[in-house]
Structures are given as C-alpha cells and as structure tokens.
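In the form predicted alone, a lone chain appears below as structure tokens.
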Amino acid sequence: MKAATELRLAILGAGGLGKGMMQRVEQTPGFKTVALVDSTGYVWDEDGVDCAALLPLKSLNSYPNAIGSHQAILDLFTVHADDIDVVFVALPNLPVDFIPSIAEQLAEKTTFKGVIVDALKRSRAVELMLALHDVLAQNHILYITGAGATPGFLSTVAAVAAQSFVSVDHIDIRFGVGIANWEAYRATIREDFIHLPGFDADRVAAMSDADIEAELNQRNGLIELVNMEHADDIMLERAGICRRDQVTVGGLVDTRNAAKPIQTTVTITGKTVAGQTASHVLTLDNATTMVDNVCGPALGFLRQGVELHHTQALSGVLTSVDLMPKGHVTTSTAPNRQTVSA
C-alpha cells in the first residue's frame, strides 16, 4: 500500500452507519471515500463519491454508474483492490461469522494489502476474527477489530483509565442511543434484538421488517439491553486489564427519538496504591451521536493502522484495545502478539 495525501477509503455497508461515515469523511482531512457497497452492488469514483447525492438513496443501484452485483464486495476488490488504501466495515453481522468470512475472502481472493477497521460488537464475532490472524498476516493485511464506540472508543478509554489502579474490580459500560427513524439503522437494531431475552440470531434473521416494527411498538420504541454479549470483555481481558467476567455492557436505545434516552458512561472501579476503592467515570455529551462516537474513532484507528502498516510492516489482526497501555492480569486467553512483516 502506497502512502497517499488522502487515504482512499472503501465503506462496506450503506446503511445509517455507512452513510454516516461518508458524512464524517467529508469533514475529516486526509480521507476520501472512493467506494461504497451494499447488497445491490457498489459505486466507485476515484475522485471521491458524491456524498450529497448518495445520502437520500435507499439503495446504491439508484446512483449514476452504480455497478449491480450479488457479490459486490468481491467484484469491487477484484477490479479496484490496488486503488484502495483503507476499509471501514459497516455491514450487519448476521450471521455471526458473516464479517469474518468477508475478511477471509478479501485476504485469499483479492490483491488488497491495506488496513481494515470494523465496528463489530459481539464477542463471538471478534473471537472468529482473531482466529484469522495468520490468514490476514500472510496476505499482508492489517485488520483492527472492535474499533467503533463499544467495543472501541469506550473500551480503549477503560484500558487507559484502568492504569490508575493497582487492580481493577469492575468495568461497566452503559450507553444511550437515540434514533429518529429505526429504518435508517435496520442492521444495528436487528443486532440489538439478538441480545434481548427470548431472541437469538436465527429468530432475528427470520423476522421481517414488519415483525421488527411490531416488536418495537410493543416496547414503545425502547430497547433495553442488559449484560450483553459484547466484545469489550474479551478485548480487555486479552490486553490484561481485567477478567472478562468483570466487564458488563448494557444500554437503552430509543428508536423513535434522536435524543439519547440516557447518557453514555464508562465506569472503571479499582484499588488504589493506598488500598482504597475508587472509580473513574467518563460521560459522553448527549450532543454526540452514534456517527460521532463510532465513525470518528474508527477513522483514528485507520490512521494508526496505516502508520503501523507502513513504518513497522505490521499485518494480521489486532483489537482496538491492543493499541492501548497494557495491564498485568494473566488469563488463559492471552493474545498472540506475533505479526508478519510485509
């Protein structure tokens, strides 16, 4: 991958998060969105995709010169792999191995040699991604997983804040999300449903949009999530910050209002040198949205990834927390730190 004045970004997924990333890139120096993919095909423009023209579209096939395809990601990278520097994955992760399978295909079936960042949430999905370390390293791809808001922004904050303590007792992440129209974030809402009592990936996959909306109506548009299967736990354990059973993640999502129903916080509780129990609490301002807190950090991790890829020839799979100060907790899931030179 050649260094460029503007990093050429491909966004995989054109829902609320994918389009939000396009808007963020428009205001962020150093990046240019050259490709966007959805289930109908892809758009490509080496001069930069027209954000204003794309935002109102429900599918990419309405965009001028869009390429229709049922395997849009492979088709895009078959033609343009060498013209893309970095990738942001904003795809729905249903089934749980969907995004890991995409990463494996990019490594084994295309010539892409750049940096990929995702906003994966579920623990099992991140575990599957970590298992691809050797495959991606051998193909000179650096992949940073769990690099959105949570896991990502909040878990990395927790990793740094934990350094104040001799030992960590508990890390609690609680998020509030406001969405004016749930249909703009269908994939995200579907993934949230998986964490509700009585639901699983198979049941959610079988539900129509009408089924989802009916369920939301019964809940007055609110989704309360408790003790979620979120990869913050395995990422913090992997980095030696604490055991995974000391991490809890939950939140409240309002699918009818843009305002957050609760503030987003991360609380790190531990023991000081003097033996006292103390807590650090970070509270996110309610004015920041999912786009701000997912896409902004993701771009930061892409920049960091490019630096590591260029200057240290790092390849393989890391989590966002692996890029933070380490802890000293020894667990059975200690990470494989080996990487392969490009």
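Numbers follow the displayed sequence, beginning with 1. Nothing here was measured: the structure is a model prediction, and the numbers come from that model.
Although it is not shown, the form predicted in complex with a further copy of the same chain is what the next lines describe.
Residue in contact with a further copy of the same chain in the predicted bound form (any heavy atom within 4.5 Å), chosen from 131, 210, 205, 166: 166. Residue in contact with a further copy of the same chain in the predicted bound form (any heavy atom within 4.5 Å), chosen from 68, 64, 29, 56: 29. Judged by heavy atoms within 4.5 Å of a further copy of the same chain in the predicted bound form, the contact stretch among the candidates 158 to 166, 101 to 109, 173 to 181, 135 to 143 is 158 to 166. None of the heavy atoms of residue 51 is located within 4.5 Å of a further copy of the same chain in the predicted bound form. Not displayed here, a further copy of the same chain is approached by residue 324 to within 4.5 Å at the level of heavy atoms in the predicted bound form. Residue contact check for residue 301: one or more of its heavy atoms lie within 4.5 Å of a further copy of the same chain in the predicted bound form. Proximity of residue 307 to a further copy of the same chain in the predicted bound form falls within the 4.5 Å heavy atom cutoff. Heavy atoms closer than or equal to 4.5 Å to a further copy of the same chain in the predicted bound form belong, across 257 to 272, to one residue only: 272.
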